[in-house]
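Shown next as structure tokens: one chain only, the form predicted on its own.
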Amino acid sequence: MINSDFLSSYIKKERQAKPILIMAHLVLGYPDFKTNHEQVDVMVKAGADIIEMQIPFSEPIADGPVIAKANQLSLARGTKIQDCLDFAQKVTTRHPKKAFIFMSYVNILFMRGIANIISQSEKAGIKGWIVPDLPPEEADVYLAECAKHKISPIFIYAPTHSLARLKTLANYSKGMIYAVARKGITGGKTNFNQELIERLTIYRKIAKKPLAVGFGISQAEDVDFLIGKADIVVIGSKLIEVLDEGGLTALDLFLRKIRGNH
């Protein structure tokens, strides 16, 4: 088995024992890297299956105010791309049985050099990359480097996409498809309703690979709703809010409640 299949193989294996997996998001360098290390330890111990680590960027266009603020404060405190790569190597070594992925924006890849950052990501133990503002038609170098370095490029399904577009994205995406539960940016309210069920049913048929759902997941009831309709729930803004309000203890309790019987 080649490593480019690691993510889907890992997800399928974990799904045999769990009705749905949890992908926990954090912004690197926020509030600081020391806390990030503790965050990851808490996330892993509390039952997160995939850790999505965001390399901060000054204009995170897909992110709502909570994550955008975390990006800004991280950068203001001097976070550099190399800091994020070094951090990744430490946590993937510390938690070798978990899957870690990077998320950021295309300018970060261009700043570092696509070949350079993908190569370093592989060395740091990263298994996947999400770049929301990079369409596959403009991603030849990125896709080639991901294939070369056995990293899964993960593309995003949006409610505005046509069936043809969904099929195109499925053809390029490896490891999983990330479906956003609603229009707009992260952190807002999502209506978990029949319309979403119908959309996710279409997504699963077209994607033919593990389906992750994010945007607006903030409580155990949201996770309950998605069981049987998705393979992974992605929790981002809510985790930052919980950490900000109650610290690592609150983060641990929240994730354990979410994990529950899921």
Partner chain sequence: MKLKYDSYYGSFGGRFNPEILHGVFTELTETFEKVKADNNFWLEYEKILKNYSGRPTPITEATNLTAHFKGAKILIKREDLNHTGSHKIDNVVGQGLLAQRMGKKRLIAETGAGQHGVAVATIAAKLGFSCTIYMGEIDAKRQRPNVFWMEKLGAEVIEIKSGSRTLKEAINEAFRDWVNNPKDTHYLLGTACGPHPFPSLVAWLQSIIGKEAKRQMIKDYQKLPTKIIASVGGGSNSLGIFQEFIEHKEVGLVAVEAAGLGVDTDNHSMRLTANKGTVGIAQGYKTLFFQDEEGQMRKTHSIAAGLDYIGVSPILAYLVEKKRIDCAAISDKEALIAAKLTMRKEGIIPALESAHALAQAFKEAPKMDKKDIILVNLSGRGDKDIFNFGDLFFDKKWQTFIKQKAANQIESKI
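Numbering follows the first chain given and starts at 1. It should be emphasised that the depicted structure is a prediction, and the values quoted were computed from it without experimental measurement.
Another form, the form predicted together with its partner chain, is not on view; read the next lines as being about it.
- With its partner chain left out of view, the stretch that reaches within 4.5 Å of it through heavy atoms in the model of the complex is, among 118 to 126, 95 to 103, 132 to 140, 145 to 153, 132 to 140.
- Of the listed positions (221, 59, 32, 195), a single one reaches within 4.5 angstroms of its partner chain by any non-hydrogen atom in the model of the complex, namely 59.
- Contact check for residue 171: every heavy atom lies farther than 4.5 Å from its partner chain in the model of the complex.
- In the model of the complex, none of the heavy atoms of residue 76 sits within 4.5 Å of a heavy atom of its partner chain.
- At the 4.5 Å threshold, heavy atoms of residue 167 stay clear of its partner chain in the model of the complex, well away from it.
- Although the partner is absent here, residue 163 sits far enough away that none of its heavy atoms falls within 4.5 Å of its partner chain in the model of the complex.
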